[in-house]
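This document starts with one chain, in the form predicted on its own, laid out as structure tokens.
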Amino acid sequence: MTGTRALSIGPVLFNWTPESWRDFYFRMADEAPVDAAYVGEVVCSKRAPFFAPHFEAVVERLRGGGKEVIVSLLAQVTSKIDRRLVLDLAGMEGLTVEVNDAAALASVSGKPHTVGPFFNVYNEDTLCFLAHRGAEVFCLPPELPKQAIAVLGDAAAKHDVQIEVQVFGRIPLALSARCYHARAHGLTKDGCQFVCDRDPDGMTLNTWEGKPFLVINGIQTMSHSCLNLLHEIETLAGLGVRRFRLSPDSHDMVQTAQVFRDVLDGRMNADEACTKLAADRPGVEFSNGFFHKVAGNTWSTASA
């Protein structure tokens, strides 16, 4: 961990080709100034077998690059196949896992683990309960406002656990038992033909007026705007946040990680960093509304 502010790269949420997925993590291992990397399939268990042949090499490469490796588990467990995948990964020796669904709790009870942003940790009682069962890091749901993060930051300090917050990337909003991505192509979930791989950053969903509003990623609904909390870094640190998560997209995440690392370490101010991010992602709309307790897809200058 660099100082007291760790930078992490979250799991790839989109259906990239196995080679692209592998090469992404190889590059993060070799070039990105991140302290921790989350790997694993979070959205759809049907995708997991494609990445399995590269899993061991990715973990080894990340560890060789000095990164802490955490295996992210499924965020929605609805079938025997889903449950088997969760149980198999949770039972692996020598790997810390990130729990995103209560189905994994029995398997990790008493063992050090991380609680992910898909697990609804909204209050101190939930954090306390999970901390007593072995959770050491809590990545909070990205829709929480500053006031809620402050309360949970205080609770985390009392229980000697760490708080992590997503500070960049598309915001995960909802999961469904059905696959809208398949439905949009006239297919069913069981016969999806993995059409979600056509959209490396998700499929844009427009309003009736034709304005981009959401993004569909298989069974997942995400924000169309890209979360950007560069201006809120100092506030978050003051609230007790010690880990800052970037959620991957198909742009240059090494460059993105360097921008956030420079801000975390005080080498670049937030205004300059935002200008650099915008230049690297032409046409991408940034948002920070949830943090400021307003509409999540809006941009607030309250912290600027």
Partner chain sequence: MPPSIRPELVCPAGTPGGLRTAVEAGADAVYCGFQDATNARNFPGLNFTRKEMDASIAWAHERGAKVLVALNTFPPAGQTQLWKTAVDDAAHFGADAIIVADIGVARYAAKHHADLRLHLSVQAGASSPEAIRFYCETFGVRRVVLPRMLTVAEIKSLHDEIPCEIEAFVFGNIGMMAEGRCSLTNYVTGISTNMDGVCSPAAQVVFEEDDARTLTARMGGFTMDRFACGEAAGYPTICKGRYTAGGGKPYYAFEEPVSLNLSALLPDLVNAGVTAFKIEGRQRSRAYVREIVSAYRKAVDQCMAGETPHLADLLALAEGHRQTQGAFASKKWR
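What you see is a predicted model; the values in this text were computed from it and never measured. Residue numbers count along the first chain shown, from 1.
Keep in mind that the form predicted in complex with the partner chain is missing from the display, and what follows is about it.
Within 4.5 Å of the partner chain in the predicted complex, a heavy atom is found for every one of V77, T126 and S223.
Residue-level contacts in the predicted complex: of V195, L105, A131, L95, one residue has a heavy atom within 4.5 Å of the partner chain, and it is L105. The partner chain in the predicted complex is approached by P212, whose closest heavy atom lies within 4.5 angstroms of it. Residue contact with the partner chain in the predicted complex: F119 places a heavy atom within 4.5 Å of it. Using a 4.5 Å cutoff between non-hydrogen atoms, E136 does not count as a contact of the partner chain in the predicted complex.
Taking the partner from the other structure, the partner chain in the predicted complex has a heavy atom within 4.5 Å of a heavy atom of D101. Along 184 to 215, a non-hydrogen atom within 4.5 Å of the partner chain in the predicted complex is carried by A184, T188, K189, D190, M203, T204, L205, N206, T207, W208, E209, K211, P212, F213, L214, in order along the sequence.
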